[in-house]
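Read the single chain below, which is given as structure tokens and is the form predicted alone.
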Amino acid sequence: MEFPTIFWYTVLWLIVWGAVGALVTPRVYARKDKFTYQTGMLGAFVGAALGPIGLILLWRLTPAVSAKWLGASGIVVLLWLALAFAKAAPNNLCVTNGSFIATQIANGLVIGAIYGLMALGLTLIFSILGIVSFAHGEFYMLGGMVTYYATQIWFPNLNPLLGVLIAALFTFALGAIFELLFLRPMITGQIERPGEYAILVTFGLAFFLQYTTLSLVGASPKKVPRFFDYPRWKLPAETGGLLKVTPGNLTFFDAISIPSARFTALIIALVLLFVLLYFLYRTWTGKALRAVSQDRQAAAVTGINPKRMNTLAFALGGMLAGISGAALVQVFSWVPWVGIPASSRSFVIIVLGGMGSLPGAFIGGLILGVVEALGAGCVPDPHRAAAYLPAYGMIILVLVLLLKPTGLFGREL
């Protein structure tokens, strides 16, 4: 059979038996008076992995749901998909070239770390304020724009890291001002329906920031040259087999290639992640933020001001998005609507990781980055690969909502 026939037949088989397992398995467990939590997800995984034979065995044995069963079934599903893809497209680079796959995974992890950093900001806002900011992508866009103008227009010889710092301060201040003016009335009782108000007002901010930026800077793409040209270096010096560094690229094990601009963005993301973790878990203010996220009234009783924590959380969330944009403006071309796909990715990530879960947000970003990188690299038609990128996030979102609505690290409410 020609591609994509054999591949799509395999996908159809997995979907049909996965759906049968998801629908029937909870009823089988309930009939046997067994705990039904997550049995639908177990049935979906077993059905997709082993078809009717696996489901019959599952319904007869009705084992307790465990990570072992889910993990083993998930691996089998991935193997089926990989084998079907290899059969359908035997000449594809993802089938014939192992170093190409390793490079795609490495670059996916690098970009995924930035995605995770941005999603951390959205998760922080949701944890403290209980709202989803629909203007999060515009903070990301502004971070890149401010870095571009600070380092290329206003101060051409400015150190790029200082440009990132300026973007961080700008987005932090913008987030704090917006929260004080428009979100503070939500918790002071001035708004009758705060949930709907938060959606509308953050949507309004998104449109305002996007179109104001468009009117000020125009629609032409902007891009910052890579922040640093790395020195030429080899390890070991004789062969350079372990690590080879050039001004624009890093090569590991003579197989994995990462552009230096992306690697710089990764370093920025990791440093900021560790700073954020230290702030949240080692400082009084960070512990106060976590206390408000767990129980607002109890935190207020102990002397914490929830209003200040709201302002700080929204400002920090905007700043994290801004720094993400500032780190990636050297990688991608920047336009005023660049925040729209970034915002949609953040929503997918926080659902995947679990609403309100900080570790889940970062791990979800890594997963989405790898899926997008492999998807773009393995699509047989390279001209369509970029157009398919938004679809991967939507597929992940649908699967998570169907199989595990609480996400990887979320809790049942």
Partner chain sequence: MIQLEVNDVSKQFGGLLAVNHVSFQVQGPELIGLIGPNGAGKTTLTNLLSGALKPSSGTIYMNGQRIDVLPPYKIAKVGLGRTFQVTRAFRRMTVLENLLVPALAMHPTARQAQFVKKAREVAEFLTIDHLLNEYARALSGGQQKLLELGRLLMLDPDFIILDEPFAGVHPRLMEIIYEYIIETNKQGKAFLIISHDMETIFTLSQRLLVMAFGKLIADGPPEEVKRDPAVIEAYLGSDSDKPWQPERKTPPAAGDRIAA
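Rigid core: the largest C-alpha set superposing within 1.5 Å between the two forms. Residue numbers count along the first chain shown, from 1. All of these numbers come straight from a predicted model, not from anything done at the bench.
What comes next is about the form predicted together with its partner chain, which does not appear here.
In the predicted complex, at least one heavy atom of Ala288 sits within 4.5 Å of its partner chain.
Among heavy atoms of Leu243, none comes within 4.5 Å of its partner chain in the predicted complex.
When its partner chain is considered in the predicted complex, Ala30 lines it closely, a heavy atom lying within 4.5 Å. Proximity of Arg308 to its partner chain in the predicted complex falls outside the 4.5 Å heavy atom cutoff. Trp284 is the sole member of Tyr278, Phe253, Trp233, Trp284 with a non-hydrogen atom lying within 4.5 angstroms of its partner chain in the predicted complex. This chain lacks the partner; the member of Thr302, Ser333, Asn159, Asn91 within 4.5 angstroms of its partner chain in the predicted complex by a non-hydrogen atom is Thr302.
Note that among 270-278, 292-300, 312-320, 72-80, the stretch whose heavy atoms approach its partner chain to within 4.5 Å in the predicted complex is 292-300. With contact defined as any non-hydrogen atom lying within 4.5 angstroms of its partner chain in the predicted complex, the stretch 135-163 contains no contacting residue. For Pro359, the Cα coordinates differ by under 2 angstroms between the shown form and the other one after the core has been superposed.
Relative to the superposed rigid core, the position of the CA of Ser344 differs between the shown form and the other one by less than 2 Å. When the rigid core is held fixed, the Cα atom of Val370 travels less than 2 angstroms between the shown form and the other one.
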